[in-house]
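Quick setup: one chain, the form predicted on its own, written in structure tokens, and binding and motion questions come after.
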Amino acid sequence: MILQAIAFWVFASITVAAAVMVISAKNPVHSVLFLILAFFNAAGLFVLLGAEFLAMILIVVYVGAVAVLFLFVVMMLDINFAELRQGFLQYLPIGLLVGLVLLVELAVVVGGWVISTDATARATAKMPAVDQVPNTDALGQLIFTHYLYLFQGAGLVLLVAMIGAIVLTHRSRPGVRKQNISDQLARDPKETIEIRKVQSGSGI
């Protein structure tokens, strides 16, 4: 029991510290690396809770795909952070407005949690006994019954994030040459290929 408590405090402390570094690190690449560290320690917490399937999914999906995708997107965007810092005061009112909206949303969620009569029942929904169904089946029963709408909402958020990443990486930028398949297929070989007979020793 003491060993489990020590492991919990170690994993939890590192997770919180890594999460703070994600939002405070100046280099976005460092932020992604701290995010991966937070994922690994969160997976350790899931293992302590007996949810080994969630721990595996967290590492395979988020560390192996999402976090690496974030890293490649940050590296491909080639953002000039000096220019972004120059316009900080310009976007400060918008940032404060967004922060205020998020604060109101959190207040609404917390208020609904307090007022709702079945919120406690949903939060304390017990997993089926391990000896009756496997861990994965028990998780599926909870996700697709009590938390179906929340699960679908999380899927929509990830879909929007994926579309946003694609739009950012495929935006038109000056000085970047892109392949245009239709122009390549429509070109005339006579206009693009020129055959010359070069005499020996005369060069090109």
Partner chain sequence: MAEFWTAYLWPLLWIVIKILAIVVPLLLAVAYLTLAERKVLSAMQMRRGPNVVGPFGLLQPIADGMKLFFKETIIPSGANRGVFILAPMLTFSLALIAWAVIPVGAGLVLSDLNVGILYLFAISSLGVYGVLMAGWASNSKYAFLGGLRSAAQMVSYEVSMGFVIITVLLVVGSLNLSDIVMAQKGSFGMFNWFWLPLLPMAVIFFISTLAETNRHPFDLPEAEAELVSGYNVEYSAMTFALFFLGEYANMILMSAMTSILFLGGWLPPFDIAPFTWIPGPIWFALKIAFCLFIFIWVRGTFPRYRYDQLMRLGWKVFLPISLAAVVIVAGFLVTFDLVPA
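Positions refer to the first chain, counted from 1. No experiment lies behind these values; they were computed from the predicted model shown. By rigid core we mean the largest C-alpha set that fits within 1.5 Å across both forms.
As for the form predicted in complex with the partner chain, it is not shown, yet the points below apply to it.
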| query | finding |
| --- | --- |
| The partner chain contact in the predicted bound form: F46, any heavy atom under 4.5 Å | no |
| Non-hydrogen atom contact I23 with the partner chain in the predicted bound form at 4.5 angstroms | no |
| is_contact(A186, the partner chain) in the predicted bound form, heavy atom dist at most 4.5 Å | no |
| Contact flag, I181 vs the partner chain in the predicted bound form, heavy atom cut 4.5 Å | yes |
| Non-hydrogen atom within 4.5 Å of the partner chain in the predicted bound form for each of L33, A67 and L71 | yes |
| Sequence-ordered list of residues in 10-28 near the partner chain in the predicted bound form, where near means a heavy atom within 4.5 Å | N27 |
| Core-superposed C-alpha of I23 shifting 2 Å or more between this form and the one not shown | no |
